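Just the one chain here, the form predicted on its own, laid out as structure tokens.
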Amino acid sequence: MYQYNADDTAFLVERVDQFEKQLNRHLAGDLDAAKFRSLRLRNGLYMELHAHMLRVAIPYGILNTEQLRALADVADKYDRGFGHFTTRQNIQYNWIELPEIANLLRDLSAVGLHAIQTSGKAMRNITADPFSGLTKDEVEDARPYCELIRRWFNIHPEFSWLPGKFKIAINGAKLDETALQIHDLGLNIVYNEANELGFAVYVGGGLGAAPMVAPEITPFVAAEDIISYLESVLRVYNLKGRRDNLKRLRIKFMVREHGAVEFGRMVDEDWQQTKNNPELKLNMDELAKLKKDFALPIEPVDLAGFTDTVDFNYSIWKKNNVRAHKLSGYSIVNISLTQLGTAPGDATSEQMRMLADLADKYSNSELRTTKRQNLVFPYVRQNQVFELWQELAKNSLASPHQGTLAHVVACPGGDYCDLAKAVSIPIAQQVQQRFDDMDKLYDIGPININISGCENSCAHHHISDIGLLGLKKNEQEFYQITLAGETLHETAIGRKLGRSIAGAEVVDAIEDIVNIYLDSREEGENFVDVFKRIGITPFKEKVYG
């Protein structure tokens, strides 16, 4: 993984010092709340329902164990002993006292972590496939490109005050674990017909109240030209994007208004002015150095003759949580933070320290975060997977529910967020209680359920098999249901089932939907396959009677 150097550390310290001065001005009454708002947002600090929330960036989802222990310390020192891992590979703290924020950020900077541009109208944390560099079907490891693009655009003076927030995802694998086309900009690593490496570029995706799938605006930009091309995308957006309507700030509305072809033409017209500027060419020497930083830190191992342990519970967990590694002798292990009865994505400081200890022992001191609020151990020897499972089980982190209906993805919802219209966590827990039989879950197979407490869609409910959106009617909580959203093979927004369902009835509705799926399923079909074949009507008739 990338190792921060002295310049990186100095920059983070300077940034904290600058923010602390503005914070002190605000606390002294010399900087009013309205003027301080944009400064705190660009340093990841929100005002939430009960206290300030801080969002900490985990660039492209990679953590070392020193950093995870530092996040545990922050949870104990500045919060209430836990943090919340998000669908964009970050971590959030929900109980931050404003006078402590500079000290908190200084503690993070000591281990190369920060909250810069995790909020505000600027480029956010760049996300990537959590299995980057680990799988056989990969075109190219996305992480070195994530790092170079992050460096270029963090606090870029031209693009620090965009019309709206701007999210980028980069993927180098055949399957789309990053959900490229729901981002403002998605980069898919490809080779062209001349066998040159570059990027297919998708612009104008996003969820929220008006979900849109980003269209491809160009099938190929050479790797060395990607910085100049991204500058042109951002420049066109910065100059011509809407700033007069709070509900039309995102680039997706601009792309929809002009159309993908015309938007691509505007970008290309701007790009012709800068694409040959040598200062905007991707630094291939620096890229080569970064590729060494991101090279696999392990070598293949010969485990000829190794036979894994036969244990029923272990076998179920392994089937759902362990996937193949491109190096012989190794496995990739998913660790679900959505334990039965807990808030999805939450981890206590004790759990973080325990996981750091286990990653030191079993995963070369590295972890990854995912959009399904999991943690990943990327380097586990196959003959140590059972031992790791036993250690996880001792600490109540060996949930076998990864990929099942009981592995719910949820935002903090009305329990914490002042934007939420309804709760998310209690509904997630009710779903887990209803579907707590592992035999039944095994029979149902892989189904994703995501719950967002408001139309901002932080839990990505539009792109799950079953999505719930919290609403409020006459001071009562209701949930709108969407079905058959997906991103892994192709990107599609889920279809609305019908009128919203009262909170007290929503889990019954989910069970009805699952039963229609089971009654209609043919061999080899997943939920989306069944939905495409039979349509929405059988689900609607079952739920609404």
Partner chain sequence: MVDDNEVITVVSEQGQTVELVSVEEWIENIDSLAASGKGVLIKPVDDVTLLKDSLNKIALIALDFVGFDDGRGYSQAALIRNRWGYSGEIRGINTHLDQLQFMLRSGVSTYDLQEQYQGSNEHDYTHGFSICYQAAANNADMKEKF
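Here the structure is a predicted model, which means the values were calculated and not measured. Numbering follows the first chain given and starts at 1.
One more form of this protein exists, namely the form predicted together with its partner chain; it is left out here, but the text below deals with it.
Novice: In the predicted complex, which of the stretches 55-63, 489-497, 34-42, 505-513 has residues with heavy atoms within 4.5 Å of its partner chain?
Specialist: Result for this chain: 34-42.
Novice: To verify the annotation, which of these, Asn154, Thr86, Gln351, Asn94, has a non-hydrogen atom within 4.5 Å of its partner chain in the predicted complex?
Specialist: When its partner chain is considered in the predicted complex, the option within 4.5 Å is Asn154.
Novice: Have a look at Phe312, Phe306, Tyr191, Trp161 for me and say which one sits with a heavy atom within 4.5 Å of its partner chain in the predicted complex.
Specialist: The option sitting close enough to the partner is Trp161.
Novice: Would Arg521 show up as a contact with its partner chain in the predicted complex if we use heavy atoms at 4.5 Å?
Specialist: So Arg521 does not count as contacting its partner chain.
Novice: Does any heavy atom of Leu197 come within 4.5 Å of a heavy atom of its partner chain in the predicted complex?
Specialist: Heavy-atom contact with its partner chain at 4.5 Å: absent for Leu197.
Novice: Using heavy atoms and a 4.5 Å limit, would one call Asp73 a contact residue for its partner chain in the predicted complex?
Specialist: Outside the cut-off, so no.
Novice: Going by a heavy atom distance of 4.5 Å, is Arg235 a contact of its partner chain in the predicted complex?
Specialist: The answer is yes: Arg235 has a heavy atom within 4.5 Å of its partner chain.
Novice: Can you tell me which bits of 258-276 touch its partner chain in the predicted complex, meaning any heavy atom within 4.5 Å?
Specialist: Result: Asp270, Gln273, Thr274.
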